[in-house]
Every structure is written in structure tokens, then in C-alpha cells.
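Given next are two forms of a protein chain, the same chain in both, each as C-alpha cells and marked structure 1 or structure 2.
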Structure 1
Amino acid sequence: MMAGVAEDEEKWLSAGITGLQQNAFYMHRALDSNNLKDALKYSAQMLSELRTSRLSPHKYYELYMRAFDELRKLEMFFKEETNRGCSIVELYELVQHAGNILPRLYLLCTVGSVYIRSKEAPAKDVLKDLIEMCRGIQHPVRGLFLRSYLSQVSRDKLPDIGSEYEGDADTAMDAVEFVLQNFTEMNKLWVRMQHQGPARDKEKREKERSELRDLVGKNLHVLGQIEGVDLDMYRETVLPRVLEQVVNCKDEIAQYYLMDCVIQVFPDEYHLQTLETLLGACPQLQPSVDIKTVLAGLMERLSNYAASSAEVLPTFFQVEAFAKLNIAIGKVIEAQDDMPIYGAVTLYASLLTFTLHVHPDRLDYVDQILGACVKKLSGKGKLDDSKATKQIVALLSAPLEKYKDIDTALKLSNYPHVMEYLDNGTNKEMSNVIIQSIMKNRTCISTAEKVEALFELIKGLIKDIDENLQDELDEEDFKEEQNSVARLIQMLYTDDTEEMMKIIHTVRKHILTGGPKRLPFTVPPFAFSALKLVRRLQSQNENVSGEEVAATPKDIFQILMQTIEALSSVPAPELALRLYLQCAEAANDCDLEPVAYEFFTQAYILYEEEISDSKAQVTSIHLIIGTLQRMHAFGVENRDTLTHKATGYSSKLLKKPDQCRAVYACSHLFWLDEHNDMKDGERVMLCLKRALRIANAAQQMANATRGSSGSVVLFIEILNKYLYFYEKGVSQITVDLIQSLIELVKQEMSGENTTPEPATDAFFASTLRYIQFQMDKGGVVADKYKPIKI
């Protein structure tokens, strides 16, 4: 059916074009021979093709454009005729004798254009006559194109101020009156198109009408270009007349398009001064009109205007632009009950952007907008509309981008309430946006109250809002989120130690609600932040001894002990052990022996009860030995207990090489250069001998199981420890012991079953070079090394 109609239309269009071209041909012949009578005859017949009602607007436009081109040639002929002495007045009357009204009016408009140009009559009189004559065509499509032609031929001949066709004192008003009348009539015709034809074709007709909208809109463009339209005329005449037509036509397509045209065509300063009138029309529009897009466009233009120059801002304050826009948006939302949430939030987002440009210092305005948004969202629950959530993210992001300071956003009481309406996924995205803003602008959150507000704001990342969603989250995304939170914790800082203590309490309260999956990410930065405060308090206590201090290192260590214990629920014993050792070292720096001992005790318990993996045990024991070596706060008894345990753990490692290395590392626990009371050569020697025995056992085991001796690297490593302590002055280590160990290494390396290892050979060669270097050095050191034979 549709295909048949399309084919028929093509035939009718083809027939129309053929008829038009034939008559145009004869018209050209008449023009060439200066035969005015025949020219008018054939031009009228040519224009009769435009009387058709069979064509759709799109096809009619094709026919019209061909006729338009021919009429331009005819206009040139009329102009030449007047130059040759033909009376334009007589010509104007002569064309009115055409038989059909439509060709007659096209010819009249064409001659009228030449008539105005001749200046034999005032432009306003000719235009008034033409506009009245055009009322004779009431068919929507034919009337629209006729008036479009009138607008086209007259636009450069309006009696505007400064124009060559300028008339008396009210000349601009005459021009405006002509354009407004033409606009009004065209809009009526355009709106009437919806009633042409059966109801089933309504969708098709609406599409056709949308294609013709520019014919009507061009009138507003012409109005915007008239020089004589100043602010007063725009306020008193142009805008009220245009809005009256827009409101009264009660047509969705027309109202939306024309409102958008008004906003785009006229200057921003005019909109600002007539804001009340323009906004007053919005609630009167049809409920189905997409008013949110219209208002958003208006606010975007005004925002850009405000941003263009600081000089225009006083005008915004003077006309109370914010109050008017705010009231108008409220009325529109109230009038359109069925407006989707997405539409309302879009309006509030646009108003917020406007406010941030015009009133960046008025946080109460920003909070007022957010409050209105909360009111609209109340009772809706979590939003599942992706368009609405996207707009809410834009709404919440705008203050962050403008102020570049989360402190400002935290002052907005309604900010967190808006976030509550985001679904869990989007809530996390918004929380990430907030954290990234803090990182990017290096914002320091310096009070416990702000930290509380911030953590409440980003609670979607701090704890599980919905337990069911936890498993659905991608592991990489989760890690990225929690790493962001970890970085945020490091940004929470103030020079006031008492306030910092409150911040630490606040952070701890929130991170402990995060569940076992989050604790490994959040506890370490919290612990290091707390340890920073410990060191600051320690330095303050040294400077102001005797004064009462609100927070003490001991208090913080108690908090840390309880917090690290929470990692047992994960479980993350290796991480907890590292943190216990860090705390023990910090307690040592504060000379808090009982506290340091307790942290070590907890580390040892974790090692014994929780850490069973052999690699993890090796790493842990070396961390324990390294930390214990740096401790100076322990008394003899406590130190002996801890070192004894450490050496015991070392000798119980699964692999012999690991045992050997851990045992010789323990030798450092008994010889500390900076502490004379911690130098025990006997126990150093005991550790090294035990390490040597283990290395021998490892060699024998390798020989028994693989048929070849194992690597001699352990012997070389022990040799290096011998040389280290020999230099440090451990009397129990003699030249003979070193010499025998060198010979042992050489013997093992030259054995039949030994597999050559370049790295081991290089290590031993480097050790011998070091001995030679010390011999060549001269002085006391050289005297010590000279007895050694390499």
C-alpha cells in the first residue's frame, strides 16, 4: 500500500515538473523577446503546477524550488522592464489579472519585490498589501510555501533602521509588524497541517510537519536580525506577540520548536531582561512538550553569557535570575505530574550549572537546588533509570569541578541525601569521583567532623551496602576502588595532634565496618597514618616534657593493637605480622619496652599458629630478625627471650638452605655496633658454627639424593659473615677459622661431583678480591688481613 502511494507520488511529481518545465520554456522564450503578455501568461501556467494537493510536503518542496528558481529569473525581467520605462504600478496591477489565486499571489510577491526596490511607494505599504493578499490561500502546505516565498523576497527590503528602505519614525515597528503577521499566519497554517487527513496517518503527518518547521522558524531569525528591535521593543512587542502565538497554538511540535527558536535567535541580554515573561510561558505549554530541553538550553546560554565576562554579572544579580529560574522550574515540574525523574533532575542539573557560573559564592543556592532534587526523589527508592542516574552524577560532580575542594561539598547538607538515591554501582562510581577530586586537587581533610561526613558520603566504597552484589564485582575493579580508599586515608591530616587523634578514631570506626575483604587494603594506610602521629607526639613530648598531653603514643598503640587484630578475620597473618613489627619498631623509638614486647609477642604467635607456608615463613623470620636487630629498648631478659625464639624458629625451617641463611642472620642479633652491652662474640660464633653445620648437612643431602654435591654458595655466604664480624672485632673469629673456610670452599668447588656455576664462581672470586683489597689498603685493616692466604 505504502509502496503504491510512493510510486503515485513520484508520477505526480514527475508530471508536475514536466508541466512546470514546459511552461518555463515558453516563459523564457517570451522573456527573450520582451513579450510581457506571454511571459505573464506562461509564468501563471507554470505556477499553476503548485496548486496540486497530491504531493507530500517533501515532494512539494522539490516542485517549489524549481518554481522558485524560475521566479528569480522572472523578477530580473520585471526589473529590466521597469528600467526600460514600464510602470511598476501598472505591472503590479497587471499581474493581479491572473486567473488562479495561487499563481496570482506568487506573481504579486515577485513584482512587489521589484516595486519596493523601485521606491515608488513606501516599503511598508507594499508589504502590508502583500501580507493581506496572502490570506487568500488557506491550504496549509500551499499557504506555508507561499508565505515562505514572501518572506524570502522581502527579507532584504524591510523598512528597518539604517536600511535603504527606511521610512518614518516608526519604521522598525512596520518591519516588525510585517514579520510578526507573516509568522503568525504561517504558524497557524503549520499547526493546521496536523488535522489534514485520516487519524491513522498522524505519525506520518508529524514527521512531515517537522520537516517544514524551518519555514516558520525563519521568521524569528528575520526578527532577530532587524536592527530596530531594541530591548524595549523586544520586551513590549516582539516577545509577548511570539509567546502569545506559541501558547495559544496548543501544539506540542510547534511549542517545543518555537520556544527553542526564541532562545537561540535573540541575544542573551534580551533573555536576561525578559526572563520573567519567557519563563512565565513555560508552565502554560502542553504537558507533552519537552520543556526540560528548552529550559536547559536557556540556562546553558545564560551560563555561557555569565562566563563570557565578569561585567555582565551585576545584571544577573539585578534581575534576580536565580530566583526566577528556580521558581519557573518548580512550576514546570509541578505542572507536569508525569514528567520522568530524568527530566526533573536534568532541569536541576542545568540550574546548578547556571548557579555555579553566576553565584559561585552562594552555597545556600547550591544546597537549595540539591534539596529540591531530594524532595522530588523522595519516596522513589534507589533509581534504576540509567538516564536519571547519569544526570544525578552530573549534578553531584558539578560542585566538585567548580570548587575543586571537597570541603565545600561537605558543607552542602543535601549532598549526601542526593547520593542515597543512586543505585549501588553508581554510588561507588560517584564515591570514586569524589576521591579522585581530592587526589587531583591535593585536598587535605583536616577535622574529624569533615572526615565523618566524607566517609558517610563514600560509604559505598567503605562497606557493603548490599551483600548480594559483593560477589558480582570484578576483582580488579574492587582492588582499584580499595586502593583509592587507601590513598584517601593518607590525605587525612592536621597539624593539631588532638584533632588528628579524633580523625584516627573516626577512620578506625569506619574501616572496621568494611568486612574482611576490605581490611587488607584499609588497615595498612590507617596503621602508617597512626604511626606518623606517634612520631610527632614523641618529638613533641621531647620538646614539652612535663606538660599534660591529650593524646599519647601509648593510646595510639592500643588502637593499633586492636585494629591489627581485626585482620585475623580475613585472615591475613603475613600482613598482620608486618604491621605488628612496624608498631614494635615505633614503640622501641618511644622507649615503650612493654608495648614493643607485646607487639613482638603477637607477631610470634601469628608465626607459630597462622603462618604455615614455607616461603612465607622464610620471609617472616627474616623480617623478625631484621626488626629485632634494630631494637634497643629491651632489657636483657626480654631481649634474650625474643632472640632465643628467633634462632629457634630459624633452625626449624623446612629447607636446609633457608635454615642456614636464617641462622647466620641471627648472628647479627648478638653484635650491635652502637650498643656495647649487646656484643656477645660467643653467641655470634655459635650461630655461625651452627649455620656451617647446616650447610654441610645440605651438601651431604644433595650428594645422597642427586649424586652430586650441592651448591657451595652457602659456604661462601658464611665466609662473608666471618669476614664481616672479623672486621668488627669479634675476637672468637680468628685467621685460622677464615683460612680453613676458604680452603673448604676451594676444595668443594674443585670436587669431582661439583657442577660448575658461573654465578657461584664469580661470588667467590669477588670475595677473594675484597680480601686482597683490604690487604692493599694499608694501616690497621691491612695488618688484620695480611695473615690470610688466598
Structure 2
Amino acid sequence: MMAGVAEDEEKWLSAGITGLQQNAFYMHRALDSNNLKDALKYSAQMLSELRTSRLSPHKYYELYMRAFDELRKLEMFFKEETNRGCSIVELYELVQHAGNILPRLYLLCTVGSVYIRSKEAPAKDVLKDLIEMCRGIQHPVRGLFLRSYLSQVSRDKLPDIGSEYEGDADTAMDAVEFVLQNFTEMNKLWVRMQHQGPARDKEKREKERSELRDLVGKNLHVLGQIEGVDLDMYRETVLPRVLEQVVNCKDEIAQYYLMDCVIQVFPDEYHLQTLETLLGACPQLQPSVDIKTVLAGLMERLSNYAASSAEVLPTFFQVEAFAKLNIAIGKVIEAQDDMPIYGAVTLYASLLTFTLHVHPDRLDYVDQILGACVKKLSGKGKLDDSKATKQIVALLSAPLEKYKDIDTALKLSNYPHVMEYLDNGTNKEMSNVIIQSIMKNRTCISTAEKVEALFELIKGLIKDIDENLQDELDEEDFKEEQNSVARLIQMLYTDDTEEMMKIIHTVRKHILTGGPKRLPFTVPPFAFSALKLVRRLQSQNENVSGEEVAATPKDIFQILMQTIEALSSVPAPELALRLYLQCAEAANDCDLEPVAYEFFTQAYILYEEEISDSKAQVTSIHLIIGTLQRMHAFGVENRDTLTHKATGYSSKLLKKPDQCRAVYACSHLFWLDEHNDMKDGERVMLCLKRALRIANAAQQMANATRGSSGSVVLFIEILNKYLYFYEKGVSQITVDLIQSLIELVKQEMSGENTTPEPATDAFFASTLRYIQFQMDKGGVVADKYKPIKI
């Protein structure tokens, strides 16, 4: 069916072209023989082909273009004819004898063009006559093409200022009037198309109309090129008249296209000076007009204009561009009831971009926009429109990109409110964007207030927003997300200790709301951040003592204690233990014995009650030992308790090798280089001996269970400890002891049942090499080693 129509159309077109060419041929012959009468006759017949109603605009255009070319030749002929003495006035009358209106008017326009060029009458009068006569064509397509022809032939003959056809004082106005009138009539015809023909062809008609739109828009281009259109004329005449037509035509397609045309065709400067008028038209447009794209286009243009040169900025301020745009957008949104949310948001996003370009210093404007946006969104719940969501993300990202400084965004009170309307996923994404921005720009968030605001912003990451909605978020994503939060916590920093204290309070408050899944990620950075402050306070105290300090390490330790406790809900005992130990060490450095002791206690409790996995136990016990070894704040009693406990734990580990290693590690607890009162050779020896015993037991166990002697590596390790303490001067370690241990190792390694282990062999060899090296070094050390035989 459709194919049939297209085929028919093709046929009609070619028939039209044939007819046109035939008559054009006769016309040429008449032109060649200077036969005016025949020329008129055949040109009229030729133009009659344009009277067809059967062609779609697209095909009609093809026909029109052919006629157009022929008319150029005819125009040349008319011009020559007047040169030969034919009166142009007579010619102007003569062509009007044609009985059919369409050919008549094409001919009239053609002669009219020559008439103007002859300057026998003012251009303005001829144009006025032509445009008046063109009213006879009420058929939309034919009328549009005829008027388009008129526009085409008159373009270079407008009585514009500076043109050779310039007339009297109001000459530019005459030119404008002509074009405006043609524009108005063309638009009417164009709009009328919509209402003609059966309703079922609506789609086809709209397609055809869009093919024709440039014919209408061209008039605006011509207006834009008229020299005489200065700002005053634009403001007083051109714009109001154009807008009047646009508004009154009440046609969706026309309004959208023409508004866009106006914005694109006229200079930015004019737009800026007539913003109120231009924007005033927007709420009056049909509700279905895609006004957001139009306005977005305008704002984009103005933004670019503002960006183009700093010199134009004062004008923006002077005309209060922002206020006007803001009001207009509000009105448009109000007027277009069924505008989708994303439309409104797009408008706000455009306005925001504009503001950022033009008023980078006016944060209040930005906030105002966000506020308006919140108002529009309120009561709608979370957005489930992906387009709108995208726009909101754009809206929210714009200030971040512009200011490269989260500080600014944090000053925007409405920023978090807007975020609230994002669905959880997007909200998190947005939070991530914010964090990325902070990280990228290495911005420190330096006041508690801002921190508070920031957490408010990214609360999607900080806690579960909807408890019921356990998002099936990818574990990987979650980790990444929380890792960025952890990184963020490091950025919450100020040199001002007092303020830092407040920040710490704030951060703590927020991270504690995060729930068991998040705490393992957030507590460590928090703890270290707090400990950092402790150390700073410590060094300050040393520098300026006596001054009253608001924040004391003690307070911080209290906070830390409580915060780490929260990890028990996870539970994450190992992590908590590590943190306790870190804190203990820090407390030690602050000489806060009771605090340090308390931390240790907590760590021990965790060890005893929560850490049951043997591997974890091993790790933990080594941590405990390591930390405890460095503690100097403890009095003898506390220290005894703790070391005793530690050794106790060590010997209770499950696997023998683990036991052994933990026990010999404990030996260090009794020998601290820097502290003479903590050098207890007896107990060092005791530990080592016990380790040796355990190693033996391990060996036997291996023998019993696997039939082969176990690794001798434990012995070598203990040997190394011997050597260490021997060097340190622990008197209980004697050469004999070392010697016998070496022998033992050698014996074990050469045993029948021993499976050779290259690593162990190498370890032992390098141990021996060390002894040899020390011997060869000479001096006191060498003397010590001399007696050892290897």
C-alpha cells in the first residue's frame, strides 16, 4: 500500500518534471527570439506544474527547484527586456494577466525582483505589493514554497541600511516588516498543515511538516542578517513580533522549532538584553513543547558567551540574567504540569551550568537552584526514572567539577536533599563521585561542620538507608565502596587540634551507624586518624607545656576504646585486637600506663574469648608479644601480669611448632636493651629452654605420627635466638649451650630418617656462616665467638 503510494508519487513527479521541461523548452525558444508574449505564456504553463497537490513536500521541492532554475533565466530575460525599452511597470502588469494564481504570483515575484532592481519604485512598495498578493495562496505547501521563493528573490533587495535599495528614514523597519510578515504568513500556513487532512495521517503529516520547517526558519535567518536590526529594533519590534507569532500559533512543532531558531539565529548579546521577553514567552507555549531543550540551548549559548570573554560578564550581572532565568524556569515548570521530572531536572542542570559559568562566586545561586529542584522533587519519593536520575547526577556533579573543591559543595544546604531523591544505587554512585573528587583534588575537609555535611551527603555509603532492602550488591563493589570511604576518612584532617577533635567526634558518630558490615572498613582509618592526633598532641605538649588543652590524649583513648568495642558486634576480634594493641602502644608513648594496660586487657580478653582459630591465635600472640616488648610505661607488676599471660598463651597454642616459636618469642619480653631494669637473663633462658623442649616434643611427635623426624628448623631458629642473646650478653647463655645445640642440629640433619630440606640446610649454613663471620671480625665480638666450634 505504502509502496504503491510512493511509486505513484514517483510517477507524478516525473510527469510533472516532463511537463515542466516541455514548457521550459518552449519558453527558452520564446526567450531566444525575444517573444515576450510566448515567454509569458509558456512560463505560466511551466509554472502550472507547481499547482499539483499530489506530491509530498519532499518531491514537491524537487519540482520547485527545477522551476526555480528556469525562473532565474526568465528573470534575466525580463531584465534584458527592460533594457530594450520595455516598461517594467507594464511588465509588472502584464504578468498579472495570467489566469491561474500560482503561476501568476511566481511570475509577479520574478518581475518584482527586476522591478526593485530597476529602482523605478521604492523597494519597500514593491515588496509590500508582492507580499500582499501572495495571500492568494492558501494551500500550505504551495504557499510555503511560493513565499520561500519570494524570500529568496528578495533577500538581496531588502531596503536594509547600507543596501543600495535603502529607502527613507524607516528603511530598516520596512525591511524588517516585510520579512516579519512573510515569516508570520509562512508560519500560519505551516501550522495549518497540521489540521488538514484525516487524523490517521498525523504521523505522516508531522514528518512532512518537519521537512518544511527550514523554509519557515529561513525568514528568521534573514532577519538575523539585516544590518538595520540593532538591539533597539530587535527588542522593540523583531523579538516581540516573532514571539507573538510563536505563542499564538499554539502549535507544538512550530513552537519548539522556532524558539530554538530564535535562540540560534540572533546574537547572544541580544538574548542577554532581552532575556525577560524571550523567557516570558516560554511559559505560554503549549504544555507538550519540549521547552527544556530550548531553554537548555539558550543557557548553553549564554554560558559559552560568558566563557568567551570576561568583558561580557558585567552585562550578565547588569541584566540579572540568573534571576530571570531562574524565574522563567520556575514558571515553565509550573505551567507545564505534565512535564516529566527529568525535564525539570534538566532545566535546573542547565541553569546550574550557566550559573557556574557566569556567577562562579555565587554559591547562593547554586543552592537556590538545588533548592528549587528539591521542591519540585518533593513528595515524589525516590526517582525510578533513569533519565531523571542521570540528570540529577549531572546536576550534582557540575559544582564538584567546577569548584574542584568539595568544601563548596558542602556549603550548599540543599545538596544532600537533592541526593536523597536518587535511588540507592545512584546515590552511592554519586557519593563515590564526591569521594573521588575529594581524593583527586586532595582536599582536606577541615571542620567538623563540613565533615558533618559531607557525611550527610554520602550517607548512602555510610549506612544502610533502607534496612529492609538488603541490596544484592556485589561483594566486590561493596568492598571498593567502603575502601573509598576509608580513604576519605584520612582526608578529614585539620592542623587545628581542637577542631580535629571535633572532627573525630563527628566521624565516630557517623561510622558507628554503619552497621557490622561497614565497621571493619571504617574503624581502622578512624583509629589511625585519632592516633595521629594523639601523637600530635603529644608533641605539642612537649613544646608548649602548661597550656590548657581542650583535647587530651586521654579523651581520645576513651573514644577509641568505645569505638573499637563496636567491632565486637561484627565480630572482628582480630582487627579489634590489632587496634587495641596500636592504641596501647600509643598510650605507652604518652606514658599513660593505666590506659595502655586497659587496652592490653581488652586485647587479652579478645584473645581469650573471641579468637579461637589457631592460625589467628598465632598471629595474634605474636602481635601481642611484639607490642608488649616495646612497652616501657608499665610498672613491674603490670608488666609481669601481662608477660606472664603472654607466655601462658604461647605455651597453650595448639601446634607444637607454633608453641615453640611463640615461646621463644616471649624470651624477648624479658630483655629490653634500653631498660636495664628489664633484663632478666634467667627468664630469657627459661623461655628458650622451654622452646627447646617443645621443639623436641614436636620432633618426637613427628616421628611417632609420620615415621620421619620433623623439621630441624625449630632448632636452628632457637639457635639463632641463643646467638642473639649471647651477643646481647645474657650470661645464662653459654658457649656450651650453643655448642651442644649446633651439635644437636648437625646430628638431626644427618640422621637417617631426615628428609633433606634445602631451605633448612641453607638456613643452618647461613647461621654457621654468621658465626664464622663474627669470629673473623675480630675485637670483642670475635672473642666471644671464638670458643664456638663449628
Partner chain sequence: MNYIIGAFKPACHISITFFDGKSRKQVPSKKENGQTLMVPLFQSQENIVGKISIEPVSGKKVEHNGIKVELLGQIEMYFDKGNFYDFTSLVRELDIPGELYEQKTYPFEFSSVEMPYETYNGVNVRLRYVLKVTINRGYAGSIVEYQDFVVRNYTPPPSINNSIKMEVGIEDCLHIEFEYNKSKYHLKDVIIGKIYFLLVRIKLKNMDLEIRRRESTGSGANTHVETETLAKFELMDGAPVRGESIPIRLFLSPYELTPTYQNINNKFSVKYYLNLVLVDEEDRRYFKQQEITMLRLAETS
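Residue numbering: sequential along structure 1, first residue numbered 1. What you see is a predicted model; the values in this text were computed from it and never measured. What we label the rigid core is the largest C-alpha set whose atoms superpose within 1.5 Å from one form to the other.
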property	result
Chain form predicted on its own, by structure number	1
Residue marking the hinge between structure 1 and structure 2 [rigid parts; choose from 596, 347, 489, 302]	347
Whole-degree rotation of one rigid part against the other between structure 1 and structure 2	13
Cα displacement of residue 287 between structure 1 and structure 2, core-superposed (Å)	2.5
C-alpha positional change at residue 246 between structure 1 and structure 2 - rigid core reference, Å	4.2
